[in-house]
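First comes one chain, alone, set out as C-alpha cells in the form predicted alone.
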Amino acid sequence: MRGIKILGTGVYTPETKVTNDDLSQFMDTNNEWIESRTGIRSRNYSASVPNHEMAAMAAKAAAEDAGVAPEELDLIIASTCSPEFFYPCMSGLVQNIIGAVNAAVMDINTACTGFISAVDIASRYLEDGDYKKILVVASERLSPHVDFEDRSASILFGDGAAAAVIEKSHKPMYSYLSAKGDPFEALYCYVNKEHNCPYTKENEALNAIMDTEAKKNYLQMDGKGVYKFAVDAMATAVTKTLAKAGLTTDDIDLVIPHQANIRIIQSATKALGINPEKVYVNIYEHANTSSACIPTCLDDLKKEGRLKEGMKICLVGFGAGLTSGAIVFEQ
C-alpha cells in the first residue's frame, strides 16, 4: 500500500511584491475589480533570480526543515512549466546547487497539476523501496510569460517556489490523475525560438495559430473555458480519489486546492459539499504560481502548526494540457 509522510517543507518567495494598486498605475484596472473576480490582492515577481535558483532555495529550506542532509536525498523531482533551459533539467541544476550528490533527478511538466503529479510519481518510487527520501520541488517564474497588455490574464499570475521532502509511510495514500487533451485553445505558451537550420522549414500550421506577436511570445488563456473545465475537473478528481479511498468529504480534515481563482475554488468545493472552513486558501497574497501553489500552502500550514499527525489531507488541482488530479493521504 502506497503512503507518504511529509518530513519538511520549504518556500522561496521572490523579492518584488506587486499589489493590485501597483498594476493599476499602468493598466486599466483597480484593486476592487481584481480582488472581486479573483481573490488576489498581490503577487510576487522575481526581478533577477532565475527559476532554478528559486527552486534550489526552496529545496534547501525543505531539506533543512526535514532535518535531512542533501546527500541523504535519493531522488529530486522538479515540476515547472517555465524553465529557462530546455536542458539541463531544472532538477539537475537544483541537485548541483544544494549538493545532493547521491540523488537521481527528473523534471515533469503537467503545468499547475505538477506538484500532484510529482508526488504521485514519488510515492511509487518510495513503494518500490529503492529510494527512501525524495525531494519534490515546484518552481515557476511566470512573470516573463504573461502579456501585461492583457489585463484578463496578467493579473492572475505570480512567481514562487516551494518544496517538500517525503518518505514512505504505512498510512495509505490514494491518487487520481486525468487529462483532457486540449488543442491550444484553453491555455498555452508557445516556445518562440528562431533557428538557422537550412533543412528545417517554418511550420505553417503553427504559424496559422500563432498569428500575432502576443500569441507567439506570451501566455494565452480562454478564461471562461478554463473556469468551466477547472470546476468540473476538480470536483471529479476529488470524488474519484475519495471513492478509491473509501472515504467521503466528511472524513477529510483539510483540502488544499490549486490557487487559480477564488471563484473556481468556491464553486468546486461547494459542488462537493465541503465545509469552507476545511479549505486552505492563500491566493490573496501569492496569486497563481502554477505548480508551486499547493506546496506553498503546505509550507504555510506547517509553519502555522496546522499539519497535524493523523490528519486526512486532500490535494487537488488542474492545469494546462488540460490536466487534473487529486491526492488523499494521512499525515
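Predicted, not measured: the structure shown is a model, and the values here were computed from it. Residue positions are given as counts along the sequence shown, with the first one as 1.
As for the form predicted together with acetyl coenzyme *A, it is not shown, yet the points below apply to it.
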| query | finding |
| --- | --- |
| Acetyl coenzyme *A: the contacting residue among 177, 245, 187, 89 in the predicted complex [heavy atom, 4.5 Å] | 187 |
| Answer option from 51, 29, 44, 269, heavy atom within 4.5 Å of acetyl coenzyme *A in the predicted complex | 29 |
| Region of this chain that lies against acetyl coenzyme *A in the predicted complex, out of 299-307, 269-277, 35-43, 59-67 [heavy atom, 4.5 Å] | 35-43 |
| 4.5 Å heavy atom contact, residue 151 to acetyl coenzyme *A in the predicted complex | yes |
| Proximity of residue 227 to acetyl coenzyme *A in the predicted complex, heavy atoms at 4.5 Å | yes |
| is_contact(residue 319, acetyl coenzyme *A) in the predicted complex, heavy atom dist at most 4.5 Å | yes |
| Exercise: residue 157 in contact with acetyl coenzyme *A in the predicted complex, heavy atom 4.5 Å | yes |
| Full three-residue contact with acetyl coenzyme *A in the predicted complex, heavy atom 4.5 Å, for 123, 172 and 326 | no |
| Neighbours of acetyl coenzyme *A in the predicted complex among 282-299 [non-hydrogen atom within 4.5 angstroms] | 288 |
